[in-house]
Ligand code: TNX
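Form predicted alone, single chain, as structure tokens, below.
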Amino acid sequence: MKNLVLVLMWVLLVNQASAQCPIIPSPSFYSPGMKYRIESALVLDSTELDVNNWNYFKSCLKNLFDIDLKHTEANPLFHFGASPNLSQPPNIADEGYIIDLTLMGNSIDAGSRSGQFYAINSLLQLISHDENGWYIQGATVRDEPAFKWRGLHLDVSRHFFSVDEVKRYIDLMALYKFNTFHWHLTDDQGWRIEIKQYPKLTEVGAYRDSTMLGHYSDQPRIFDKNAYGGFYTQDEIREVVKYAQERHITVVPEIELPGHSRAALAAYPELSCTGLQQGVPGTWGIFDDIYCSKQETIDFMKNVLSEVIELFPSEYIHIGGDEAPKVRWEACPNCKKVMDENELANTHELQSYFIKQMDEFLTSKGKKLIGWDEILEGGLSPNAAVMSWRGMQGGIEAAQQKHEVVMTPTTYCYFDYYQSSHPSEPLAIGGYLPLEKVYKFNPVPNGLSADEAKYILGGQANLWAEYITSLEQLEYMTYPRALALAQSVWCHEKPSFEAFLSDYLAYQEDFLERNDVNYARSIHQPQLEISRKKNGINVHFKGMGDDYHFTVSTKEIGGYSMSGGQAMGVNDTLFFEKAPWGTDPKIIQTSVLDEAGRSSLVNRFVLHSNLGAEIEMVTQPHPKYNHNGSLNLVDGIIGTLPWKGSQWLGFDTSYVEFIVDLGEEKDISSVELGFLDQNGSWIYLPEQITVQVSKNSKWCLKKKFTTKVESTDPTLLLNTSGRYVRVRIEAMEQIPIGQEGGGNMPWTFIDEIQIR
């Protein structure tokens, strides 16, 4: 590819070398040089610049910086052409690029139009402003992506986003070199794509008569009784697809099957197992009514996908495949007939049969099927790719079977989770996914061979919209976490989190503000870091900058002020001493005030007698809900509603066992535990607790204490003595059929143990 020629008004300035890089995702190589001053226009030879890239560059320069882009073929003052010290054009990967804005070269080279586009977006981040006006930071940049699939997802079924809002979402994706937009177009709560053969899908399925307010777990549930909905015409779909293509983004549509289909069944109830007419639901969760597996439904889905294929030139079509209860199938004569005719052993194989019908159809149309990792159950279709969301194991299994994989585990990639524990965070589904944890994501898990790892296409973040009701909230949940994800799916070797955070604070917040992004500023709120200390805990209120200071006041509830207003910086801590044995706990409230005197964080600490005690976790929590490990059970923070993953330890096991070390033998009168009961999230109270007490680690046991669990804060009366307290919590074998998550293993969530 020929080189681009740029002309700049410039001034030579002394460059202050810095390890910081303005570009995110971080390039493979970055070396800063001098500054090139821009007056009113940036002039470039556009002979070899793709017209869409030219238009994009021109629009961004004007909108972001009020700088014009002009074309010239005349001899420029500075020539951005082939570097004179290269005897031949550089070997650049397809999506790669090289920027050489130096006195020695001043050239921009790319391996493709996509590479050009990514170079442009890096140039946009190199533009800055000082007291003398705008300039481009001269630099040598060499870069190419590590992964083919760099995605963001958007659910428009639970809450609808207009064409302009979707375009805005795509614009922000483009700035950070994401190249795949996963568009979740159908679900229980709304069908959002026009299908001409089946007009009732949008006439009926696109609208619900109410929408739940508050959290799913709230009782009683409250509803907005206004009709809600919307859909995209096929012309609007084409418009969005074209818009994304101009930004080198592929749109992958998702048409959910066989589950998450209530909106479609509201329009065509004959496609269900019961034929019962039901409306489009205004609640979230998982519904038993799914597509029947009979041939009529298979034909319907093929007809729908035929129209979808015509609208989307993407290589992949996403068919969902997740969270499909088999209750209706188990009792359906039509499903039993399909099972008998095809010698299928169970309903998991029946789902596999359903998916294989879609796989064969899509393959015949030159497309590839991709679905959530449940499509592994009952056997994976020959040509299917897997999107692994329930952790990484599904992706590992698929890669080992030589199937392509996109990693999107809840542990790192679900941006509908809370990003901090601050009370100011908007309502979310639950979970806890701060910026630093997103940054730890690696799409290639340990345990894969080099050949197996080649099947990992990349990764993406998912934005489920049960609780995301506006574009402003969507941006808040997405940014800056999307920047952390961009590092994982673009960089071959990403910098440390500390280096990333430094670059982000130095450059990217200004860039987000210039783009009018409603990004979350959660990292600027002091984060609670709790650690064990002899006879209690240390509470560290951690800020994100050396010059960030705040005031912490603490008081005993019902008592006197303990420390009044204590000015704190980023390295200051408070020590909370555990209550003396045999006394009642103290309740301490902390309030954090910023420099303007506004409260940003309020926490209550219960200073009980085993605060900060050492705990051996015999059963390990699920990685997604393992914030602070065993300390979470004795940190003095009682979990609150709506629940946030930072306050609880979560287990998806049949039992939970741990051992508390009190340090020395104590007289023990009782043990109190805290549990979460959120059935809509498949979190249930356990059935039974057993407590054993020992004077030493050899477990010469006196007695077992057992109780059924009938509340979220059960207490066992012991009246014994010992140093070690072993707790075993028995979960129900499976969630009863007919309840939320019926037939599945329940989750057990624990937040605090108090021993008295």
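Fair warning: this is a prediction, and the values are worked out from it, not measured in the lab. The numbering used is simple: start at 1 and walk along the sequence shown.
One more form of this protein exists, namely the form predicted in complex with the named molecule; it is left out here, but the text below deals with it.
Of the candidate stretches 197-205, 526-534, 230-238, 462-470, only 462-470 has residues with heavy atoms within 4.5 Å of the named molecule in the predicted complex. For the candidate spot formed by Trp372, Trp389 and Tyr414, every residue has a non-hydrogen atom within 4.5 angstroms of the named molecule in the predicted complex. In the predicted complex, at least one heavy atom of Ile429 sits within 4.5 Å of a heavy atom of the named molecule. Using a 4.5 angstroms threshold between heavy atoms, Glu323 counts as touching the named molecule in the predicted complex. Contact annotation for Lys177: none of its heavy atoms lies within 4.5 Å of the named molecule in the predicted complex. Shown alone here, His403 lies farther than 4.5 Å from the named molecule in the predicted complex, counting heavy atoms only. This chain lacks the partner; the member of Arg158, Lys624, Lys356, Arg481 within 4.5 angstroms of the named molecule in the predicted complex by a non-hydrogen atom is Arg158. Shown without its partner, this chain lists His260, Lys586, Lys666, Lys644 as candidates; in the predicted complex, only His260 has a non-hydrogen atom within 4.5 angstroms of the named molecule. For the partner-free chain shown, nothing in 270-308 comes within 4.5 angstroms of the named molecule in the predicted complex, judged by any non-hydrogen atom.
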